[in-house]
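Have a look below at one chain only, the form predicted on its own, in structure tokens format.
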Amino acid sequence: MATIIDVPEEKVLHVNNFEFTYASSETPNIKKLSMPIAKNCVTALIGPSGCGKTTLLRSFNRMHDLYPGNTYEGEVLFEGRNILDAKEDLIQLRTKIGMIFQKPTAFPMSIFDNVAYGLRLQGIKNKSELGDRVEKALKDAAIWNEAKDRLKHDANGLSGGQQQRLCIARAIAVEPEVLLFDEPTSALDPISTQGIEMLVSELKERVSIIIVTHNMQQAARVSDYTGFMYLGELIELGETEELFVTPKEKLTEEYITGKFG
């Protein structure tokens, strides 16, 4: 049995009996999983390596469709529709549900062009509008002061922490509803990690965030809700402080107290 609270906030995503199976697998890697994702909150997914948390995260904007043979079942409801439907516009979906990867992925182009990339795909060509949107995104990602005099410079000249904030700016420039963070600080130093965590806390004012992290302390610091996953199942979802202090499930308690992992 799982313990899943019903979050009091409005839901930005609602997962119902969701299953995911990799093409190379004969059995589902995510099994009959149901959970609400609260709007304008941070939801963390924790669990041991291989438990399915990144697999689940990448299902929320259909990243698995990049590889043939993977299959979904069940529902992931977003804006009143099931995004697992075969007719879903994946380009539009990934604009609304953006992703920040574990390793910063700055494109081999200027800082400005990195942030403007998605805007141009949306058909925005006006130089003034592009400039305003790029500046706003860089400010919202807390990298404007470091980048404003280097906008025409190669983005790969930035440090790792700066590149990760640039990737966040690129994602939020197109005004998504949801941001997916896949262990966004695992390759960063402690100071850069602190900066990204502060940014996550600020961004939830305008976007809903789901973050996969191997670091339980990070989950405790940044999230409003935490879900613990094990062997492709959601064992417990609750308010972060309550889940870490008084978990309802024995397996959750054993994981957060270090008895396995």
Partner chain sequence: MSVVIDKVFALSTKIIALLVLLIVAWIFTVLLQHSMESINAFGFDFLTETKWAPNLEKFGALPAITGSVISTFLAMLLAVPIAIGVAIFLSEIAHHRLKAPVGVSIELLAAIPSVVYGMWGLFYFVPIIRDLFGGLGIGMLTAGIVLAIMILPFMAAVTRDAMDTTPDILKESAYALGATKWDVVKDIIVPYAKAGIIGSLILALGRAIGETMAVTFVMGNVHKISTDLTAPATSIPVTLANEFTEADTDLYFSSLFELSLILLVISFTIISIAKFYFLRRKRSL
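Because the structure is a prediction, the values reported are computed rather than measured. Numbering follows the first chain given and starts at 1.
As for the form predicted in complex with the partner chain, it is not shown, yet the points below apply to it.
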Inset, instruction - Examine N61 and determine whether its closest non-hydrogen atom to the partner chain in the predicted complex is within 4.5 angstroms. - result: yes
Inset, instruction - Considering only heavy atoms, tell me if A106 and the partner chain come within 4.5 Å of each other in the predicted complex. - result: yes
Legend entry - 4.5 Å heavy atom contact, T95 and the partner chain in the predicted complex: yes
Legend entry - L151: touches the partner chain in the predicted complex, heavy atom cutoff 4.5 angstroms: no
Inset, instruction - Could you check which residue among A141, A147, A171, A155 gets a heavy atom within 4.5 Å of the partner chain in the predicted complex? - result: A171
Legend entry - Partner-facing stretch of 131-139, 75-83, 187-195, 113-121, counted where any non-hydrogen atom is within 4.5 angstroms of the partner chain in the predicted complex: 113-121
Legend entry - Full three-residue contact with the partner chain in the predicted complex, heavy atom 4.5 Å, for I91, M99 and Q102: yes
Inset, instruction - Between 61-78 and the partner chain in the predicted complex, list the residues on our side with a heavy atom within 4.5 Å. - result: N61, M63, L66, Y67, P68
